[in-house]
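Starting off, we have a lone chain in the form predicted alone, written out as structure tokens.
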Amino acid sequence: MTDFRNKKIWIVGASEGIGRSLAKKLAAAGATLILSARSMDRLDSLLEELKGEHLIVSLDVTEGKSVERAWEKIESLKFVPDIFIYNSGYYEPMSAMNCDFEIVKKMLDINLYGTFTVLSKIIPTFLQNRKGHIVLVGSVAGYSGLPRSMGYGASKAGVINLAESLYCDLKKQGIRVQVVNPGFVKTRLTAKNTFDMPFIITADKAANYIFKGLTSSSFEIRFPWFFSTLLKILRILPYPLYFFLLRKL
């Protein structure tokens, strides 16, 4: 079981929603946090709510120079993390009939390409130390194609695939990899949805699932159980049956 005391944890995407709630739980468990996001105001307000000494680092994952500056600051302060959590995300509900490719690009840039950009700094250090823990936040929307999920679903499918590849490559190097696949979580992003969201949970409850999962030996942390299991079953069905059941659901 992971003891978070004396652990340094870098959360990218800590200013709102799941990241903010998770930061509070990890700080309460004794971890020292590096908090990153674009909104420094929100990070400052989060810092005031946390016990302990923590570091805030401004970061725009879509800008290579921003990632460079953030990593240089972390290294200069000898604050290299033991655990890295990539939680940055952007979402717009979108179907093929109303597709805006600039917004699709933004989702891919933040949700997927940004992951690669930050990992390009983390992985060499973890390899050199032959230890580390990488946690990527995907989504059950990445399991298979869903209605009104153009762009977002593809980006999260990429995150899941990336986490799987990292697990295969890094396990023998002493580096642990996990992927988090939430269902619907009540945040400012899902507030954009105009459709019913089954089994929706709060950001605090989602953070509880992740906190518990970080201490487990599981590769995947998924929740809520029934909804995520249903989508996992759907993904292995033959396509005619999958599309039929999806229409019914």
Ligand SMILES: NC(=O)c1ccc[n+]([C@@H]2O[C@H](COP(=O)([O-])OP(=O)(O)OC[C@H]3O[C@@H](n4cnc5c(N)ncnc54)[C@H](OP(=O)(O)O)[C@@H]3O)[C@@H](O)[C@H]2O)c1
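Being a predicted model, the structure only gives us computed values, none of them experimental. Residue indices: 1-based, along the sequence shown.
Below: the form predicted together with the named molecule, not depicted.
Based on heavy atom distances of at most 4.5 Å to the named molecule in the predicted bound form, which listed stretch, 213-221, 48-56, 61-69, 26-34, is the contact stretch? Flagged stretch: 61-69.
I need to confirm a contact call. Of Gln178, Ser149, Asn87, Ser144, which residue comes within 4.5 Å of the named molecule in the predicted bound form, counting heavy atoms only? If I apply the 4.5 Å criterion carefully, the residue I get is Asn87.
In the predicted bound form, the residue from Leu166, Leu119, Ile160, Ile110 that sits within 4.5 Å of the named molecule by heavy atoms: The residue in contact is Ile110.
Three residues, Gly17, Val185 and Arg188; all within 4.5 Å of the named molecule in the predicted bound form via heavy atoms? Every listed residue reaches the named molecule in the predicted bound form, so yes.
Would Lys205 count as touching the named molecule in the predicted bound form under a 4.5 Å heavy atom rule? No - in the predicted bound form, heavy atoms of Lys205 and the named molecule never come within 4.5 Å of each other.
Whether Ile134 contacts the named molecule in the predicted bound form should be assessed with a 4.5 Å heavy atom distance threshold; does it? So Ile134 does not count as contacting the named molecule.
Listed by sequence position, which residues of 135-156 have a non-hydrogen atom within 4.5 angstroms of the named molecule in the predicted bound form? Contacting residues: Val137, Gly138, Ser139, Tyr152, Lys156.
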